[in-house]
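Coming up is one lone chain in structure tokens, specifically the form predicted alone.
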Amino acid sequence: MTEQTKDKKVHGVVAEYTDVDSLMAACRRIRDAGYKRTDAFTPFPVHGIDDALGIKPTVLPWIALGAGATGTMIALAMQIWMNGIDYQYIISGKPFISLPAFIPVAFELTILLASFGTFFGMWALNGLPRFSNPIFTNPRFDRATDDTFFLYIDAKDPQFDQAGVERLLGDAGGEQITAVVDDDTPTKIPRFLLTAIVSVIALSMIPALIVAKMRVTTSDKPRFHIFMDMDLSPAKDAQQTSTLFADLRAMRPDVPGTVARGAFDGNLDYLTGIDMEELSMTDAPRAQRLVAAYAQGDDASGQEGGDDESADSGDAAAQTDKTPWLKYNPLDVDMDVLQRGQTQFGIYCATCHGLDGRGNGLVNQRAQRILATAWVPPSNMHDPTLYQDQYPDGKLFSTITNGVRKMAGYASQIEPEDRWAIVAYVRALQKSQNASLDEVPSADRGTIEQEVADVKQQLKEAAEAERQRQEEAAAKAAAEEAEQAEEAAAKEAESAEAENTEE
């Protein structure tokens, strides 16, 4: 050992060998001697050198397996929670928790985490990153990639003794046995490299800072559109015009004959509001036309049903209507149906008919305000001609479906069940104006009776107050009249006395 190396820390001892056989023999000898922290460096792969050194199989495959299994579990748990529990989303009718559908994501995450586990596990097992290795301080080690074989025993081995190791390697045929000491090259990072690293890190943060600023601030300038066709879609919105179609409407009606999946209901009584069996007996051709119309997806039963007459058109038109309308609502009317009908009525009907159904909605009020000459006032739902005994439920359903006068049909906007729910709500609305106390649930009668008594008492008190006010006003007027008469009589007496004095 030279004087120069005496003052440096010894990391191990390395020996050179000229051929594979001598290296393998040396490896077996140091393995049998009990050394475990050893390594061999060869210009080419040598089969069996691991066994010769006594190196156990690496645990890296187990690390990769564990990381891959973790990725699988994370992917499955994530998808089950997101798609099946937290935010259920129907995709092509598949179950919310569908393992076959989860496989692609699970596979990808398994591969990803297994790769990460393998990569970083290899780094950890090899003690990386390591920017310098003391064995590189030996200039002869460069021949490890050329024509020389090296056997290295690390100083961290429990049996390491430098003199003993050097003697053992020499006995095993080693040449050029040298100690591996500290690398005395400068450890300080060059300034230009440090500046470049800091600059790259600083520049890489600029996009993130810009995004962060955009998220917390507002701007009066249009945003930058990366995908113009997605941000500014050429698709038309509702109520916009389009030159693609003759009617200039961007909104297109339903394609005739198409039925939404699971929405087909072959019960024509339910769809038309007409007793089709009775109609087929009384007017077979018309029944056939109706069947054909619905087979083609045409809801033009209103024209067939002859409900173009209105409540205002008089009894004559009603008497000519021979359509066997369904008299009663086919739904089982309960509170849920009425609330559903109320909601639909508020959305589609109240704008013209008003929330109370008296035909004075916002549209009608505006039409009257602007003196619209072509406006036809909507019907008053409380008109006796629209009551169930004169205007059956089926006919009211058909009116909602196909329209009447200038009212458009709502078949394309309101589902049949919702139309029947509206019919039920309209009947309840009509009954609310003429219902007797017997029709009120017994639990609510006491409250209503108390309210009626309170209103009567208030009316009685108001009438009494008005009577007293009128009596007081009359008495006051009489008193004022008497006072004026007395003043007139006094003035007349004074005039007469003055005339007698002059005479």
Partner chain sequence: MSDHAIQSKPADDPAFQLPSLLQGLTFPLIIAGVLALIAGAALGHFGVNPTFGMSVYLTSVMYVLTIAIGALFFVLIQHLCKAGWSVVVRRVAELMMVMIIPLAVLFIPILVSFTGEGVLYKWDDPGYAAATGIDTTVWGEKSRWLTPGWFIVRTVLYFAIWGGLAVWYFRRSRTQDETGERTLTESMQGAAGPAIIAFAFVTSFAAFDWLMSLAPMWFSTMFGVYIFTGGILSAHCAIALFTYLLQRQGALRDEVTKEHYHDLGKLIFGFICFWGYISFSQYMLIWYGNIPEETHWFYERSQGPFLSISAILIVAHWAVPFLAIMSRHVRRRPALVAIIAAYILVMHFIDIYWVVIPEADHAHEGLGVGGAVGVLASLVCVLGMVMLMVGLMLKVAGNTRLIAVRDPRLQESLAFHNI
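Residue numbers count along the first chain shown, from 1. The model shown is predicted, which means the values in this text are computed figures rather than measured ones.
The following text describes the form predicted in complex with the partner chain, which does not appear among the structures shown.
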All of Ser98, Ile103 and Phe107 with a heavy atom within 4.5 Å of the partner chain in the predicted complex:
yes
The partner chain in the predicted complex has a heavy atom of only one listed residue within 4.5 Å, and of Glu480, Glu494, Glu486, Asp21 that residue is Asp21
In this chain shown alone, the residue from Gly446, Gly34, Pro441, Gly48 with a heavy atom within 4.5 Å of the partner chain in the predicted complex is Gly48
Taking the partner chain as it sits in the predicted complex, is Leu65 in contact with it (heavy atom to heavy atom, 4.5 Å or less)?
yes
Should Ile189 be counted as a contact of the partner chain in the predicted complex, where contact means heavy atoms within 4.5 Å?
no
Does Arg252 reach the partner chain in the predicted complex if we count a contact as any heavy atom within 4.5 Å?
no
Just checking whether Lys156 would be counted as a contact of the partner chain in the predicted complex - the rule being heavy atoms within 4.5 angstroms.
no
One stretch from 40 to 48, 433 to 441, 467 to 475, 450 to 458 that, in the predicted complex, holds residues within 4.5 Å of the partner chain by heavy atom:
40 to 48
